[in-house]
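A single chain comes next, written as structure tokens; it is the form predicted on its own.
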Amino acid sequence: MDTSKYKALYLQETGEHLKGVEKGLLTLEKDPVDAASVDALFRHYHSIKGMSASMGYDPLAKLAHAQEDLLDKIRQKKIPFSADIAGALLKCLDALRNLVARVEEDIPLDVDISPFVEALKAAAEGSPSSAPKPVAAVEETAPEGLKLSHVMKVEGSVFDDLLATVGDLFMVLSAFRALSHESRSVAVKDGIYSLGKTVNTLHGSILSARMLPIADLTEGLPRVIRDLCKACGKDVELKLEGADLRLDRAILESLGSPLVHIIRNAVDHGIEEPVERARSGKGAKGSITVRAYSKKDRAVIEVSDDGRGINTEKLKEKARAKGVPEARLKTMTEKEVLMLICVPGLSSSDKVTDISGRGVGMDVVKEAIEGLGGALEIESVPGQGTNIILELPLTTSITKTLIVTVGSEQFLLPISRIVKVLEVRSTETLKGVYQIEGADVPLIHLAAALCMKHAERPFSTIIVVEHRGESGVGAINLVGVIVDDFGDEIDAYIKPLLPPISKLGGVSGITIMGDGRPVFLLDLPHIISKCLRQGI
């Protein structure tokens, strides 16, 4: 396992434990019978030992282990804390610090720590103490000056505030760029260009500091699976793939509850009972796979199980009972029927358990994912299993977008979904499909989709975008979105919509342009699906 990515965290945590060791030893020198300090010291040494062993820093782990053993004897009152023991532990503390410094500077840990271990044994036995000789550049003397760690622990809210400030800078930058179009000054244009580069660099640095591996979230899933299996009487194996993919901390925080709910559904009424699995020719142990990967500037998380799948006919029956018109059910695609599971109060389960089946949850999951600017899709094959697909932005708030015009209004489209932009004469017939590079691409009119009037212009613009198709997981189709015109690409600071406007279909956020105008970020998957279904 590559542990280099955890090095900074290791140095930070170990540094804090070493400070705790020094404080505890100095306290015990004054009060040798302070049990609380002994317990705290033992925990510090135990943590340093465990972290060092996990990272493969064997000399550090062994030296911490030797000190932990000594503290354990003092905890059990087998030996008293003495001045000799204090002196030996302080010398070992200095050795630990120097070993950690070697780790920080990428110096090999090819050292012999046996003299320090022997000094600890001698102090414990009450033998005359002899200072261990430095071996392989591991010094026993305390550092001459005070030194701060290269790693700082910062509250997450600090980065939230910084990102919001950068969002404001992007809006100011947008205003300056609008002004620069009216200026003939090369100096002004160069200055705004340099400012843009600086703001982009600042934004990238803040995002980098906020990014965390998905493993930080998924490391708790094995325990969740274990407890669910105990409650259900099932045996399920969890597989994690791509857990090193990094996402914005805010997205990971919001992803926890939806992910747990999807896992609970999979275990409770996705994975069959062992007897039912045997009748289907499956192994007794079920399987759930959480797979993460990136796609352009989006992250995709798939939660797949090898269970019984979703019974679409049963879903339709439940939908009828909830008042969904029969005519609507007959025209639904397989994908749309599966999405009925996200209708509030509708569950595919026949029974209510303590885990799931009340029809509460998947609607909340869908709302939470879409609230992050993402999308949820469901794929299922009866008898083979279900795949829940979550597509999410890697970061929040600031999104690369293209300005498009419909009538007199401007909107934003996410750059991540755009394949190309075409300009065509308005005299051309733009209905049904349009041939692009030999392929028939379906067209939708954004003006019609938004119930707006389009502007009369000699040219129209086709924005060719990606749209996930109906034929299987990951299938991508191209769709042409017809607009009146397009403008600049901008980094937009997208703010979430608040109720009641958050219920407005087709928009996923809003930004304020440099001249103060509010502009919506359009929810392309929602708009395209609706238009293709209605033939707009």
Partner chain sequence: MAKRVLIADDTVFFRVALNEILTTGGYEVVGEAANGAEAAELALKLKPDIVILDVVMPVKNGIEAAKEITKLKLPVKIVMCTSLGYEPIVEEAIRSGASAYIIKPLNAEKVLNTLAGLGPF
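Because the structure is a prediction, the values reported are computed rather than measured. Here, rigid core means the biggest group of C-alpha atoms that superpose within 1.5 Å across both forms. Positions refer to the first chain, counted from 1.
Beyond what is shown, the protein has a form predicted together with the partner chain; the following relates to that form.
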| property | result |
| --- | --- |
| Triple contact flag F520, P525 and S529 to the partner chain in the predicted complex, non-hydrogen atom at 4.5 angstroms | no |
| Partner-facing stretch of 502 to 510, 47 to 55, 484 to 492, 26 to 34, counted where any non-hydrogen atom is within 4.5 angstroms of the partner chain in the predicted complex | 47 to 55 |
| Contact flag, E241 vs the partner chain in the predicted complex, heavy atom cut 4.5 Å | no |
| 4.5 Å heavy atom contact, K121 and the partner chain in the predicted complex | no |
| H181: touches the partner chain in the predicted complex, heavy atom cutoff 4.5 angstroms | no |
| 4.5 Å heavy atom contact, R43 and the partner chain in the predicted complex | yes |
| Sole residue of R223, K431, K420, R425 within 4.5 Å of the partner chain in the predicted complex, by heavy atom | R223 |
| In the predicted complex, the one of E276, D227, D440, D168 near the partner chain [non-hydrogen atom within 4.5 angstroms] | D227 |
| Residues of stretch 173 to 199 in contact with the partner chain in the predicted complex (4.5 Å, non-hydrogen atom) | none |
| Per-residue C-alpha change between this form and the one not shown, I378, threshold 2 Å, rigid core fit | no |
| Is_shifted V103 between this form and the one not shown (CA, 2 Å cut-off, rigid core) | yes |
| D39 and R223, C-alpha gap in the predicted complex relative to this structure (3 Å or more) | farther |
